[in-house]
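Before any questions on binding or motion, here is one chain by itself as structure tokens, the form predicted alone.
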Amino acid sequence: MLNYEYLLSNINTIKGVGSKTAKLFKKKNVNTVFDLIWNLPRDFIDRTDEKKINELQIGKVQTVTVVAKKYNFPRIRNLPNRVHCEDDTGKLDCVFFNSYEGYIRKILPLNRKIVISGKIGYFKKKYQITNPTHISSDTNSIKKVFSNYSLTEGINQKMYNKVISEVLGNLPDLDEWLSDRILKKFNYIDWKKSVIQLHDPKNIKKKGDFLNRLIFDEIFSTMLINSNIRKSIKKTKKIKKKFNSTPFENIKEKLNFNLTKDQLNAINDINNDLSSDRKMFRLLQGDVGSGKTIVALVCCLNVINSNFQASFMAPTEILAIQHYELAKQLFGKNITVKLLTSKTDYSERKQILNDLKNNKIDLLVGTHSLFQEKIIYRNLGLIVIDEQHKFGVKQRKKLSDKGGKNCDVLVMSATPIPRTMIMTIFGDMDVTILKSKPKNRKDIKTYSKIENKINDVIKFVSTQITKKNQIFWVCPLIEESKKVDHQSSVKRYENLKKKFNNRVGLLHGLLDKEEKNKILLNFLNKKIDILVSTTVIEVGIDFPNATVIIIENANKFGLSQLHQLRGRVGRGNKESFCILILKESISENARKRIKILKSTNDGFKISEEDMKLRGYGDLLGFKQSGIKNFRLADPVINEDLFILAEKEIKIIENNNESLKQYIPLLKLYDRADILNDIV
């Protein structure tokens, strides 16, 4: 048995944990010995301070040595059993609910000194302890500081402390996986000692080398896997794509704006990858409106001019249609572009699949269906995946493999996230960031209004409609709620319809896909002026005529989410506005969020501030990402350890080190599901 395998063994292998208790642990997602280690103590109970009965304090957990003098076992059902106890200063009752007479006689024999610990109560002028948690004739076994854990129903603190003590006593001495240069940073503390110190009640809420060492292990294991996926993809030799600058120059002539420096740098990064003999696996991350789609389409065209096919996958049908229309407009008649969605009828779909297989289609645009098993590409050279930050590391790796050895992969995300999160979530990829926006895009002016000034907002909306502009109106709820005092989209829709007649549409998550697309297309085609919606407004869709977004109960949204919603307007060259409607009384945190949003349109700055306010787990769109698996690490608090891990990874990469010494680390930290692909 390898020394780390005990830690990966089932929870029921621990002494004192039977099948019934194991089921209770599994309710808390504790399945292995290793899982148990990361259920950390939240506080502690000090049972060391022994008191005499006349010194006891009501409501506190205290320890006292008593002599049991008399049993009181009522024959009436539901009445508690009592044991009358005393010391030389007074009297105390031990009260037991649901405990058998024989058990009580065994743990509290008459006329013997027994140490008892529990919460002190007072009843009928006498101290009492109800269901004492600790009873023993051995003083030393009780007079300790005990850790207090978050538990599931059916497991008490005494049982849990016993189980965790058993585990900590059997921790194996693991072979060290960290380099000497890293260990030196943590004063050479090893993994086992770190875990023991982590559970020591004296260290609750303390920081130190023991904690930093364990946080580093967690970050390092993630980055190590990402690094090796990058390396394994780059090992794949591919045919170099050869193209010239003519197609790009043709596209630039068709645009009514100049590309930004960031866009030109991004195109250069991607072109270098395409023209190399190593497979591209790159993230193109940009703020809303930074022009990622143009960059991706230029690169698709370069791939097509290298005699390869390209595939562009969008998250929704309407966004796929927009990409398709833009590609046709920019590429001209000599490039064959086709659209494949769930709405494509059977005969057309059959023809597309046939043409794709026979290399008669240059660019296929669509949704997730582009990578179903039935779809066969003759010569696929590039996959572009738009807005797929929820893909985990494993799914991205599979997608890269599916395209074949000559197929490069470009993933795009419009959700700006801080660097520490990029390192962790997208660490398996090379990263290019677009920060600046095209000069024709104006900053969105952001204002806040108290909800009793709603009539002023409606007047402003009327003025915008007379200027032939369109409005998004976002509400947090679909239907009105008695429990939650938020504006519902249905109620707002009905109110606005009275004033603006049939020029108002309603969009929410309960509508089916077809109805939803119909409403969005009506808005896009200017058949309605105001679109009342919940937060389901599609990310990335261009509504160039929408110049105003109104967000009700804006204080209930996170900062990143407000920024993403604000990005639905300002997609054209008109002046645009975001109006945040607030209650008169809002929390200090909400006030900070609104102030930050009003002060900047920079999504990266906003995401940094959002993470400081709310923590990384709540950042928009990333609750499903691999980063949620961190048990200790936090990208805000532990930024220095993320940077340290990044430096260590670079040293390992430069030295071309083997993964073998790190296998225990990777297996323990649950990064092992893709080890077979890369070791």
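Start at 1 and count along the sequence shown; that's the residue number. Keep in mind that what you see is a predicted model, and the values were worked out from it rather than measured. Basically, rigid core = biggest C-alpha set you can superpose within 1.5 Å across the two forms.
The following text describes the form predicted in complex with adenosine-5'-diphosphate (ADP), which does not appear among the structures shown.
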| property | result |
| --- | --- |
| Residue 279, heavy atom within 4.5 angstroms of adenosine-5'-diphosphate (ADP) in the model of the complex | no |
| Contact test in the model of the complex: residue 292 vs adenosine-5'-diphosphate (ADP), heavy atoms, 4.5 Å | yes |
| In the model of the complex, residue 208 touching adenosine-5'-diphosphate (ADP) (heavy atom, 4.5 Å) | no |
| Contact of residue 428 with adenosine-5'-diphosphate (ADP) in the model of the complex (heavy atom, 4.5 Å) | no |
| One stretch from 251-259, 418-426, 503-511, 140-148 that, in the model of the complex, holds residues within 4.5 Å of adenosine-5'-diphosphate (ADP) by heavy atom | 251-259 |
| adenosine-5'-diphosphate (ADP): the contacting residue among 201, 90, 154, 544 in the model of the complex [heavy atom, 4.5 Å] | 544 |
| Sole residue of 134, 82, 349, 571 within 4.5 Å of adenosine-5'-diphosphate (ADP) in the model of the complex, by heavy atom | 571 |
| Core-superposed C-alpha of residue 463 shifting 2 Å or more between the shown form and the other one | no |
| Residue 156: Cα shift of 2 Å or greater between the shown form and the other one (core-aligned) | no |
| Core superposition between the shown form and the other one, C-alpha change of residue 329 at least 2 Å | yes |
